[in-house]
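Quick heads-up: it's one chain on its own, the form predicted alone, in structure tokens.
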């Protein structure tokens, strides 16, 4: 395999690639920050697309190009900063928006946005509200994007019923003989099977509408301006697909309204923080209220539970299958993540009346 700097040579960077550093945030792709020296010093983000997850990387890039170009036009019309409020993709030297190596790996690049910071845990309700506003602006700007033109980069991504079937299959196959040690987690998942169809049923019967969704609305997928603290740019656009905004709301809450990181091992430290939930509802609705029906807003607490549960069963499934999807740092990493998410589900259920009352304040 070629080195990172050799890969970088194939992109239309301003200056020669001279050094790089690895980014260790994220479960899926391999990311590097490349420094180039020319008339000035510039940095670019270089990523190897995980083709085990994204089996059609060209379609992923077609989605990204279309969305980023659309966003740039919207941002320019608003008088915003098109270089900082969305990604600027850098083409390869052959003009394509990706580079494919001889061994078949796919790489892409975009200009690194400077003077920004990302967070893995909400430090305050104000921070989380700012992230909610950033995601809300992202959705508003894409409200009239033709969602039917987007490729589905991962089929059934938020089909929780299908995710449950995958878990059952993993339990039955027990490929790496781990099922016996996680009966409590398996039983928890099976006991909650009834909630799996809640969001998909709402889409099928028309109660919840489809549009452009991000599908990975973790806090660390928002870049914050270091000077103002404002949520500036939404990144990690691999999973931009047609979907329900409830998917994205639920994913944001399960990550940002948690008291701890998703790989916290001490479950006593893992619980839902209502103040964070309210901050996100407030910021999100300040941007997207006109795009949502009242019934969709009332479904916010349910969406948080369903998507948190879905991520939990995905972690558990991957653990049972031998850790073939998510990056892990140690043998029980995915099990720790699954337990963490299930604790949030249980705590969210205990606090359902509190979260419902908060939601009603904004209807």
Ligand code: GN1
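Treat the numbers as computed from the prediction; the structure is a model and nothing was measured. Positions refer to the first chain, counted from 1.
Same protein, other form: the form predicted together with the named molecule, not shown, and the subject of what follows.
Practice prompt. Choose from 127-135, 281-289, 182-190, 235-243 the stretch whose residues reach within 4.5 Å of the named molecule in the predicted bound form, heavy atoms counted.
Written response: That would be 235-243.
Worksheet item: How about residue 72: is it within 4.5 Å of the named molecule in the predicted bound form, going by heavy atoms?
Response: Residue-level check for residue 72: no, no contact with the named molecule.
Item to complete: May I ask you to check whether residue 333 falls inside a 4.5 Å heavy atom distance of the named molecule in the predicted bound form?
Response: No, residue 333 stays farther than 4.5 Å from the named molecule in the predicted bound form.
Practice prompt. Please check if residue 178 has a heavy atom lying within 4.5 Å of any heavy atom of the named molecule in the predicted bound form.
Written response: Heavy-atom contact with the named molecule at 4.5 Å: absent for residue 178.
Item to complete: May I ask you to state whether residue 311 is within 4.5 Å of the named molecule in the predicted bound form, using heavy atom distances?
Response: The answer is yes: residue 311 has a heavy atom within 4.5 Å of the named molecule.
Worksheet item: Looking in the predicted bound form, is the named molecule within 4.5 angstroms of a heavy atom from every one of 143, 207 and 299?
Response: Not one of the three qualifies.
Worksheet item: Out of 154, 261, 161, 147, which one falls within 4.5 Å of the named molecule in the predicted bound form, going by heavy atoms?
Response: The option sitting close enough to the partner is 154.
Fill in: Residues from 310-344 in contact with the named molecule (non-hydrogen atom within 4.5 Å) in the predicted bound form
Contacts from 310-344: 311, 314, 315, 325, 326.
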